[in-house]
Each structure stands twice: as structure tokens, then as C-alpha cells.
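Quick heads-up: the C-alpha cells below are two forms of one chain, split into structure 1 and structure 2.
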Structure 1
Amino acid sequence: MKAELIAAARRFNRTVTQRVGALDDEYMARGRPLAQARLLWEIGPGGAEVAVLRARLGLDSGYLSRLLRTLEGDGLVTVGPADQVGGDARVRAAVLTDAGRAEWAELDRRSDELAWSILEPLTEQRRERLVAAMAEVERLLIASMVVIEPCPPSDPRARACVRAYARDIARRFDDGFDPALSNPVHDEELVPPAGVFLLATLNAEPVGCGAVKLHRDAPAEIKRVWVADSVRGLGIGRRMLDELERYAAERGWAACRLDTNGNLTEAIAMYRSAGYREIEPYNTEYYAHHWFEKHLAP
């Protein structure tokens, strides 16, 4: 069974990434070296900071610099100080010139053309089936590309997730969310050995989080499970929950508990389907309506 799944995924990889990928590169290149074309594309009509380009394209700093000089030499790009809010004068940004914008538009047009050349030979029915299957593959691949790892709660990406989490629940709770009324969670409680904060990332971008407090002489407590809208419905929340439970179980805890607000119906459904059973309140959390517990397999 597993072997069959693997074989199918390999066939897919071979057909799609090799053949379609090669086509893609050829269309993009337009006589120009591929690296230059990709860079031009990535800068885009809105421009981009050099560091961002480096990260997105995974290039060596020197190499990228040289590529930018070449595009500048061809009059397609200008590189200047990035006018960002903070105002770090070391940071520089690349911006397309008029000629560069024209070139970018041409790449965009050709990308459309390539996509259409794939769909065009098919009947309308098959086109729609293909696009639907492509969307499914894409979503599920994205799901599988999400990485869940421990992260200090003080990390800016962790902070961003917790802020997004607070915003989300403020929107969903009947009476908003005032952190002062809620039981506080301190960073130290989410740092080993007291507990852990897990961050879910997609291509290094934070897209979810979750934490567990390992209370002495009490069940572990799950906190702050949150998943970004962009990756909802892909099972990331469930994976996060599993990872948190695993963390607690591996360290000897026999049960996990959590509290939740009655408005978070999908979350409650997820907890139930993950094996959580409703219990009597074990704390006095102002915003909680339900308390759950799950016994962990040893």
C-alpha cells in the first residue's frame, strides 16, 4: 500500500517536475540567462528588497549582487536605498525601470501563454478536471510542506502568531478579547523544561502555532493553538495538536487538558475528534466555556 502511494508520487514527480518544469524555464528565459529572468520576475512591478530576493531565490549574496548589476547595466532595474519605515540605510531595494516593467509584463504574458498551452489541447471538461486536480495537488503539497518545530516564544515569528491568534479570537468571541481578563501565559512557561512553543512554518513564513505547559503534578495544558487562514482546512491544527501531545507524552505526562470558548466550534469539533472528552472546569479562565481532557498513550 505504502509502496503504491510512493510509486504514484514518483511517477508524478517525474512527469510533472521534469517535463513541465523544463518548459517553464524555457518560456521564462527568453534568451536571457535563467537566473536573471527569475530575478527580474521576482523583483516584480512593486520592487523588492535585496535581502528578500536573496531569501526567496536562495542565492549567494555576491552572486545576487552581480546579477543585479547586470540587470542594471541592461537598464531594466535600478537599485537604491530601500525607503522603509524603520530606515535602515544599509538595506537596499531593487525597482524595475519602465523597460524592466515592460519586460516583466512580457514574462507575465508568456507565463499565461504557457499555462494555456497546457490546457488548450484538452476538451473543456478535461480542462476543468485538470485544473481541479492541480488545485488539489497544490493545496495538499502545501500542507505537506508545512514544518512544525519548537521555537522560543520570544521569537518575532512566534510573537506575530500569538498576535494573530489574539486578533482572531477577539473577532470570534461574543465580547471581544481583553488579555487582561484572561489567565496570563508567561514566556518562561513555554520554554523547556516548563513547556514548549511550537511554530508551524511554510517556506520559512510562520503560518501557525501551539504551546503546551508541563505542569508539575497535573496534566499538561495545551494553549494557543492557531492556524493562519491561508492554510486552514489542511489538517495543520490537528498535526499541531498531535505534536504537542507527543511532546508531553515523551516527557512522561499521561494526559493533556485545555479550555476553549464556545464560539470556536471547529476547534471544539477537532478536539473531540482527536479524542478529547469534556470535563469539569479545572481553572477560572474568563473566556472559557468548555474544558477538555485526553489521556495520552504511554
Structure 2
Amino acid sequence: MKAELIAAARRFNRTVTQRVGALDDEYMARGRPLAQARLLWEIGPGGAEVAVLRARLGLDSGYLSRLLRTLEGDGLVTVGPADQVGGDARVRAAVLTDAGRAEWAELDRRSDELAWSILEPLTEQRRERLVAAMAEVERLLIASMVVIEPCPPSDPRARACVRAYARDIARRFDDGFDPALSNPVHDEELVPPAGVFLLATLNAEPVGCGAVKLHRDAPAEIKRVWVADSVRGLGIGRRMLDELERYAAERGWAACRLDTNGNLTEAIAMYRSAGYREIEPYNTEYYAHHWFEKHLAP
């Protein structure tokens, strides 16, 4: 990566942290640093499970526990069984006290004031430019937060993604989707050395998947590439495709194949832009209208 890009990202981070008050020891003059204020905000009037807070904020368990103890000591939060917020009693949840709800409302008001102070010095045109730029930066930052890594196909998160994939294609295919009519993909085909299942997560929540089967004496085969609606348009599908290709290439495969349905126009466009060329059918997949192949760089 170019050094200028690294320098620009660091410069941006310095400007933002200074402008939003992240460097202040008392964020928004409320007597606590930003981390505590943000945690209080995320708990919110409805409360939240501790595990959800940990995943959403990307905090390790020890640090989150210390933050919660501080907020408890200030009389703003109570931590107990999640059934108090409609959850499982075996799970811990954080709930705002009356004082916590009042503090949350004050943070909300002051957050509006901070946003106003950022926009107010600018002309109307520059305000619109800044807000549009913020939206783009937010989308790109979210994209950079997505993690793609191997996952056992039997993992509950993998199962959930495959079910979502099936629901998605059933909605988009002309005649729906019946797994009994489709060529099966068995778990044992998606674990090393036979292949791999990759899971994409955002804040520990599954948002996409893909798999590659490493056939003996034949090109690798890409299967079940799916991305959740919440992260569509962020390039996650292309990243997943790249990771699957890389996995196959690193293990000596010189080409990848895949089949797809004609109604999946965005996927077809992605495959073509990624260098796949259409070939003759190489299988008898009931729902396939197009078959593609790509030669991989060593």
C-alpha cells in the first residue's frame, strides 16, 4: 500500500478525533471520557445484552466489564439477567437507571449541539458536501470492518447464512428454489483439504458467505456466494470472491469455475468484471443458466 495513503488516513484520524472531542478527558463536559459516554449511549433506554455490546463496539470482555462497573458505580447502569429486557435469563444485560436515562437524554441533546457546531460555520452548499462525504466515509469504514475468515460449515452462523442464501435465491428465481432439485453441497466438501467455507462478519454478526470446492484433477468450484442486504454495495461480494480464488490458488489450483442463474444479474456482472469468461456447461445444475471459468494467477 502506498505510503501517501497511510499518511492521509492518519491525518484524517487526527482531525476527526480532535474535532469531535475524543481527546477530551470529559467528553461533552459530562465528567466521563468518550468510551464511557459511548457505552452509555449504546445501552440506550431499552437496555442491551452485554455480549451484544461487546460485539457492536469491538471491546474485549475485561475492558467492557471495567467500563460497566464504572457506570454502575456512578448509579447510571445496572447489570443483571437479560430477562429484564425480554431476553434469556442466563445472559447478562445492562439497563439504564432513572439517572442513566436522564444522562442519556442529556448526551443526546449535546450530541445534536456538537453536530450543529460542526455544520454551522459552513455555507449550505458546503454543509451538504460535508454530510455527503461523511455518508461515503461511513460506508467505506463499515466495509473495512467486515472480516472474512474460514468457518466450519456446521457452525450455526454458517448455517444461518446458507439458509439466508436459499431464501434469497428462492425469491429471485423464476420458479423459486427447491434444494432437492439442486446439486448438493456436502459439509465434508467444504472443510480442508477438500475445500473451505468462508464467513463474513460485521461486529461479530454474519453478513455473508462463500465456499470453494477443490476438485481433484479439475478446476476449483465456487459455491454459495451470498451477501446480506445490510452490506450490499460495499464490495463485500467481490472481496469474498477474491478470498475464495486466493484460497484455491495458494493450494495449487490454476482455475476456478462457477455456475449461476440468469436472474442474478448483479452476480453475473461481478463475475465478468472479475475476469470470468462464459464457458459450456460443466455440470447438470438444474437452476444454472450460465457457467463461468477464470484462470488464476499462481
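Start at 1 and count along the sequence of structure 1; that gives the residue numbers used here. Take the two forms, find the largest set of C-alpha atoms that superpose within 1.5 Å, and that set is the rigid core. As the structure is a computational prediction, the values presented were derived from the model and not from experiment.
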Lone-chain pair; form predicted together with a further copy of the same chain identified as structure 1
So with the core overlaid, does the Cα of Arg251 end up 2 Å or more away between structures 1 and 2?
no
Is the C-alpha displacement of Gln18 equal to or greater than 2 Å between structures 1 and 2 once the rigid core has been superposed?
yes
On a core-based superposition, does Ala143 travel 2 Å or more at its Cα between structures 1 and 2?
no
Shift in Å of the C-alpha at Arg38 between structures 1 and 2 after core superposition:
5.2
Once you lay the two forms on top of each other by their rigid core, how far has the C-alpha of Tyr63 moved between structures 1 and 2, in Å?
8.7
